[in-house]
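A single chain, nothing else alongside it, follows as structure tokens in the form predicted on its own.
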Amino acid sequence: MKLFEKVEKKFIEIFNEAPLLVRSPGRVNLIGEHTDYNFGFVLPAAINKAIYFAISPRNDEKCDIYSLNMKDNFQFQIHELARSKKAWTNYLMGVVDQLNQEGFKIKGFNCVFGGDIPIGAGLSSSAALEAGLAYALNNLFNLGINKLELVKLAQKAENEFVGVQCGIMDQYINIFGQTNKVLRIDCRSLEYKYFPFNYKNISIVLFDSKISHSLASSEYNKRRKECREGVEIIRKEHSHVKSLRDVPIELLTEYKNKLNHEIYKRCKYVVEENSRLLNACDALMKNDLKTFGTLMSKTHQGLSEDYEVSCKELDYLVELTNNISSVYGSRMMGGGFGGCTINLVESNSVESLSDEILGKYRKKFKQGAKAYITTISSGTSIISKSEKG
């Protein structure tokens, strides 16, 4: 039985009615890390791991929600929202809260959801919850909210109700993702452009270090501050510079001796990463996956040496792929100090490569990593009758 069928079956079992079914995917970011809050570019893709919602409207203001994965239920009233100790519920209530704030009239709803996006692996299960429910409610109550406004609403749900100051990338790719395409998002203008990524013989493999260092949140905030400091110093003589997006490498080089060494390195990484991403898009237009993969690997080098957000576990997972011809590119993905590496691997080598890397990792660190194999898929959508068939 497919996962969405399990969700639908549980919904009918609990509520005894036919639901609307919605699929909401996780995501990977192929290149463009720590560029979002510097108003640069990112290049994510939706993936085949997803959360599935079965949902129907009620005639009152009660919301009755069941999590298939957690085997847990939660109820709340549309206009009586308060943060819960059950973390998963806050992502959903945050969406309802935003709809209330924007003046949309909705009633209560019944909902069962479940998915196969690994929690804590950096594949953005939180955005899948938020954007998926926003999309479902938009359709369920005919609210007429356009796709970009859905993205912004889902992001604000996480920023304001959950209390996590995430960027817009995760919700954006969740709604706008397309099969066999990556999405270049301009984090300043919010304009976007699709690029082809249709390689039948290539798998996107994630090696999850199963490490989460306590440095992550404090160092993340420190990097944001260091980037702002670099911008402010350059801006004193170049008033047009509003962010590192406005700084070409030639200009940054002029400031090498005027900036603190660490601040210079942080700025250098971000400026070079934006350039790498644009070159990576050009490579995809030329069907040049080798160059694309090389740029990914250079990103890891920059994240490790200049931005200093990697760790020995992530560095080792990347190092293990060096000089393996079936691996086109490898880098850490996400905020850093743990989480996953993302790797472009020839499909017929995935099993043997995974066995080798996971074995060596366990031997070195005395703990297991995990491999996830993903493909690029479409963004959030209603599961049609033909898909059910």
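Small disclaimer: the values here were computed from a predicted structure and weren't measured. In this text, residue numbers run from 1 along the sequence as written. We call the rigid core the largest set of C-alpha positions that still match within 1.5 Å between the two forms.
The discussion below concerns the form predicted in complex with alpha-D-galactopyranose (GLA), not included here.
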Please identify the residue among P118, G108, G114, G167 with any heavy atom within 4.5 Å of alpha-D-galactopyranose (GLA) in the model of the complex. G167
Location of alpha-D-galactopyranose (GLA) contact in the model of the complex, chosen stretch of 53-61, 32-40, 337-345, 320-328 [non-hydrogen atom, 4.5 Å]: 32-40
May I ask you to check whether Y316 falls inside a 4.5 Å heavy atom distance of alpha-D-galactopyranose (GLA) in the model of the complex? no
Does at least one non-hydrogen atom of Y199 fall within 4.5 angstroms of alpha-D-galactopyranose (GLA) in the model of the complex? no
Y220: heavy atom within 4.5 Å of alpha-D-galactopyranose (GLA) in the model of the complex? yes
Per-residue C-alpha change between the shown form and the other one, Y307, threshold 2 Å, rigid core fit: yes
Is the C-alpha displacement of G338 equal to or greater than 2 Å between the shown form and the other one once the rigid core has been superposed? yes
